[in-house]
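Shown here is one chain on its own, the form predicted alone, set out as structure tokens.
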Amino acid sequence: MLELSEINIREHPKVYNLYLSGPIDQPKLFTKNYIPEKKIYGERLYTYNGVEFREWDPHRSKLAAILVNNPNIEVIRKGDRYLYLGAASGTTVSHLSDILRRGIIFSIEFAERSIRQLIQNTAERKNVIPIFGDARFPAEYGKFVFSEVDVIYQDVAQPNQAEIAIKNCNYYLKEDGLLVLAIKSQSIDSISKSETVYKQEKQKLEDAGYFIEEDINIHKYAANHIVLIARKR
């Protein structure tokens, strides 16, 4: 474990329970480790003023890439209930768990190997509920998602990404809740230009009654990805 003596870790000025070092336009991100001394994906651990922090790598997490871009919309708030579609082995979920100590993260994953890793990685995290399910069929995991959610975060490499998001929002998103949708253009159409694909996906959300609050280009950290932050009208 590394001791930080020359770098100041400080509270993020806009994002609840997130920490940073360096300038706000090019920060390093950190979260307080929920399970001290435990790593999830080989991330660096630091101790600063007697508190253990995990560095959050935006190249490994699209949510971190969003936050590095300093969005105008609050995508993480105290006590939030998240429905995370495409949780994989728990890299991003674990950092959300660090942040949302009074919240909950319903974490949906379909790949058997990944769900096993997710369960192992989050077994001690009481605010994470791993769910083996297919995001294309939201009704099938309804008995495990026992309340409406404040935020639906989707990172699913499927050709019908917007349709999957809309279905889940109709089922689980509370009134005035947020959709945070990471769109991978090549998973939708590997031939058309990325900009054309993004425009089509935006239109699908708008036609379904969603207002695009913000769109964020995260190509620097995840090739051929943009993120749409939307709210239902």
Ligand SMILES: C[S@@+](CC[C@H](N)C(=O)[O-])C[C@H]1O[C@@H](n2cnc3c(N)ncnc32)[C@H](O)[C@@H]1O
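One rule holds for the numbers: they count along the sequence shown, beginning at 1. Source: prediction; values computed, not measured.
Just so it is clear, the following notes concern the form predicted in complex with this ligand, a form of the same protein that is not shown.
Contact flag, Lys28 vs this ligand in the predicted bound form, heavy atom cut 4.5 Å:
It does not: once this ligand is placed as it appears in the predicted bound form, Lys28 has no heavy atom within 4.5 Å of it.
Taking any heavy atom pair closer than or equal to 4.5 Å as contact, tell me whether Arg60 reaches this ligand in the predicted bound form.
Heavy-atom contact with this ligand at 4.5 Å: present for Arg60.
I'd like to check something about Ile73: if you look in the predicted bound form, is any of its heavy atoms closer than or equal to 4.5 Å to a heavy atom of this ligand?
No - in the predicted bound form, heavy atoms of Ile73 and this ligand never come within 4.5 Å of each other.
Using 4.5 Å between non-hydrogen atoms, is Gly133 touching this ligand in the predicted bound form?
Gly133 belongs to the contact set for this ligand.
Is this ligand in the predicted bound form near all of Tyr19, Ser97 and Ile99, within 4.5 Å of a heavy atom of each?
Heavy-atom distance to this ligand in the predicted bound form: none of the three under 4.5 Å.
For the chain shown here without its partner, which stretch in 107-115, 75-83, 122-130, 142-150 has non-hydrogen atoms within 4.5 angstroms of this ligand in the predicted bound form?
Answer to the contact question: 107-115.
Residues of stretch 151-167 in contact with this ligand in the predicted bound form (4.5 Å, non-hydrogen atom)
Asp155, Val156, Ala157, Gln158, in sequence order.
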